[in-house]
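Only one chain is given next, in structure tokens, and it is the form predicted alone.
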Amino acid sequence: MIELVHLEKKYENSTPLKDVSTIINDGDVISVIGPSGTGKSTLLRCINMLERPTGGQILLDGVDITAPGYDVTQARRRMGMVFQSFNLFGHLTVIENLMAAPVDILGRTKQEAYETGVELLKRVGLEGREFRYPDQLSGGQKQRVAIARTLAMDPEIILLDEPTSALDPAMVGEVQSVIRDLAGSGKTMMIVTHEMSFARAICNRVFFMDQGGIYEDGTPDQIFDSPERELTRRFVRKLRVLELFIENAKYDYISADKEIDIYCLKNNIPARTKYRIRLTMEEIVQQLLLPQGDILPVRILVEYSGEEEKTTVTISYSGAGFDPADGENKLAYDTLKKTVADISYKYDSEAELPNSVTVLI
């Protein structure tokens, strides 16, 4: 069990952790979420004593590991840390990366460390890559090696700091699969992540961090479906809603596509739905609205419901009343209509953007 008692971490120009008190039970799998800069990574680094707290205590099974004179290597032998940047030794082969710490720190024989390393590589799906070097691996493979290296120390506690953030979207799934397997192993785990659907799927607790600490602590259902505090509600709603604004003719549609990719990845939105979101933008905005002329600005609001597996795309715009169904490009409208569940239009003269098209996917 880990107990944090009034934990504080100050830097010269900021205090990411002001007063953090909580208990992490044996076997807990905790997802740590929140806006950037709210101390999520700092919390993990303090627990592992990679960052020394400036106040408070960290009790590991009742022992204060922040106390003067305490040998922090004793605590680190019980904790493994997986970083977003892999931190593999480039001059060592994969198996040598796995063997180094068990031999040097735990005093295991090279043969024992080698056999354990081979088994761990099988576990993370990298059998047969023992003698490759890190620069011969993909990003996802490097991160799986980093996880195997952590497991080679047989830690009781595993801390993962945004383990998929440095990966291409195509590689995220293979690393998440390994972490899902670990989450069912009974080890205590804390995972800083921006992948909300993944966080929800693997954990039994969620820490939402803001205002210098753990702003809200609850079950996945509570945090993601019924948060009790205002900042949590705002954060969760923002995750579920994507807003795009087209203010001029030079709008960057490539960047918009990237934002849609990130939004769909974070919310585990199926590929077919992502395609239809893009198709809605292309057919309604680019093919039907922009040729009309005076319709800017345009606001696109995408809302996804995982529970109902439904997506609503609302496109609001300026100008006189114009229903895209009445546009000259009948092919664009009919193509979209055949692909989505419903398209509706309304005009409200009192609204800031009086025209509104709602597409149900």
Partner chain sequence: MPRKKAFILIIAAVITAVLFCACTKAAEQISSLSQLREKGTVIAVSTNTPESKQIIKDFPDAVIESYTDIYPAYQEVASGKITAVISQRTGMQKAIENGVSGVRLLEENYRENVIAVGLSRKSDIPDLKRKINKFLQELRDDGTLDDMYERWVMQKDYTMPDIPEAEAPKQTLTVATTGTAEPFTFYVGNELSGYDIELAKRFAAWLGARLEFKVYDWGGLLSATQAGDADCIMSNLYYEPEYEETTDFSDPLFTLEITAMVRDKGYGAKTDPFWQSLRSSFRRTFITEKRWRLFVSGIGTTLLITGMSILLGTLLGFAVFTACRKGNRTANAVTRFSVWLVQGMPAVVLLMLLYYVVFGSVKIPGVAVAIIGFTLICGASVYERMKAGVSAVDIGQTEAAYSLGYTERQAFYKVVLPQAMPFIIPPFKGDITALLKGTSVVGYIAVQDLTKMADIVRSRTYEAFFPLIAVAVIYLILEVLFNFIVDRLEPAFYPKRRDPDDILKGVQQK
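Note that the structure is a prediction, hence the values are computed from the model and not measured. Positions refer to the first chain, counted from 1.
Only in words, not in the display: the form predicted together with its partner chain, which the text now covers.
Only one of 98-106, 275-283, 168-176, 252-260 places residue heavy atoms within 4.5 angstroms of its partner chain in the predicted complex, namely 98-106. Although the partner is absent here, Leu50 lies within 4.5 Å of its partner chain in the predicted complex, judged by heavy atoms.
Taking the partner from the other structure, its partner chain in the predicted complex has a heavy atom within 4.5 Å of a heavy atom of Phe89. Contact check for Phe245: no non-hydrogen atom falls within 4.5 Å of its partner chain in the predicted complex. At a distance threshold of 4.5 angstroms between non-hydrogen atoms, Arg77 is in contact with its partner chain in the predicted complex. Met81 is the sole member of Met81, Leu120, Leu137, Leu290 with a non-hydrogen atom lying within 4.5 angstroms of its partner chain in the predicted complex.
Here is the short version: of Leu239, Leu231, Met153, Leu265, the single residue with a heavy atom within 4.5 Å of its partner chain in the predicted complex is Met153.
Remark: none of the three candidate residues (Lys18, Thr66 and Tyr215) comes within 4.5 Å of its partner chain in the predicted complex, counting heavy atoms only.
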